[in-house]
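Next up: a single chain in structure tokens, the form predicted alone.
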Amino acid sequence: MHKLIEILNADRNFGIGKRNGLLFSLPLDMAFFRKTTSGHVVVMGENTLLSFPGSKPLKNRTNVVLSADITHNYKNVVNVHSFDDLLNYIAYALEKEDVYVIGGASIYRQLLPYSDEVLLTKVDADGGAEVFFENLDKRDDFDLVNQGEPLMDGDIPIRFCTYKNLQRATVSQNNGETGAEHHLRLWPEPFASIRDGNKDIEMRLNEPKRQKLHVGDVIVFENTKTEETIKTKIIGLAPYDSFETLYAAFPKERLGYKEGEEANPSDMEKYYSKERIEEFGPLAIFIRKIA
């Protein structure tokens, strides 16, 4: 059973930030964060992404970013533009792996009822915070199930703590047809991979006609040989800066390759010229069968 987990550090007043930045420099805590979240899905708000060096997503993780502005679509991340769409993507991701919530304060607050656990590094200091997390020690619906021994992170005392949500709300998929319907044709092999539940990422170029796709829209895939169709729902959209980056981010089976097949980004040159790839860049379309 995969979990939705919030991970963060907070000072003795449950303060977590000021001026869109961290309160402390904590190498031990940062190493714990990196080790814990590496290889998993991390969920964040737009300001959290922008606070990273160069506003670039975290490496070795699938970064999911919620932005209320539908024109803000960042490269190399899964972009969603409503809280309902974010919940839908989380439910989709939880079928395969744990999902970590990494900020900011609004995202933590909205997703806390749905979280299984909170990995909270308690910092025994006052960071002069402007933004605060819920004081879990005063809530009956959260239980402190593990509290590590005090450690010195530099010259600052910390404790690694785990809280369990005793009244977790269920994160569920909304498979309703809420958006426009699009039709795409597929060769038999990738079509069969979607039909059999292996391929859940369709790769296209991020050209103008694909920029009309939105999370929640329906894509009907048609087999080029048999005219058989599969109806799917768009769960997330991620423009990448290259097919090399996209291929490196996911298991090859999710892209439509079989076990034993070699997955090479240059395979996409069978369908698109190098010039078009360079002009538009790739788009990862995250899909889920609905019929």
Ligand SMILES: NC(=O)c1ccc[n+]([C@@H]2O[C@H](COP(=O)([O-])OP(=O)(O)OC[C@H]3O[C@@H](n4cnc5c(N)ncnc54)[C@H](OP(=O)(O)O)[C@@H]3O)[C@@H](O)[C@H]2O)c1
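The first residue of the sequence shown is number 1, and the count goes up from there. In this text the structure is predicted, and so the values were computed from the model without any measurement.
Form predicted in complex with the named molecule: not shown, discussed below.
Undergrad: Within 4.5 Å, heavy atoms only, which of 190, 127, 104, 216 is in contact with the named molecule in the predicted bound form?
TA: It is 104 that has a heavy atom within 4.5 Å of the partner.
Undergrad: Give me the residue from 135, 82, 174, 147 that has a heavy atom within 4.5 Å of the named molecule in the predicted bound form.
TA: Only one listed residue qualifies here, and that residue is 82.
Undergrad: Based on heavy atom distances of 4.5 Å or less, which listed stretch (247-255, 34-42, 229-237, 61-69) is in contact with the named molecule in the predicted bound form?
TA: Single hit among the candidates: 61-69.
Undergrad: Would you check, heavy atoms only and a 4.5 Å threshold, whether residue 201 touches the named molecule in the predicted bound form?
TA: No, no contact at 4.5 Å.
Undergrad: Residue 277: heavy atom within 4.5 Å of the named molecule in the predicted bound form?
TA: Looking in the predicted bound form, residue contacts with the named molecule do not include residue 277, since no heavy atom lies within 4.5 Å.
Undergrad: When the contact criterion is heavy atoms within 4.5 Å, does residue 20 count as touching the named molecule in the predicted bound form?
TA: Residue 20: contacts the named molecule in the predicted bound form.
Undergrad: Taking heavy atoms and a 4.5 Å cut-off, does residue 108 contact the named molecule in the predicted bound form?
TA: Within the cut-off, so yes.
Undergrad: Any residue of 32-48 with a heavy atom within 4.5 Å of the named molecule in the predicted bound form counts; write them all down in order.
TA: Those in contact are 45, 46, 47, 48.
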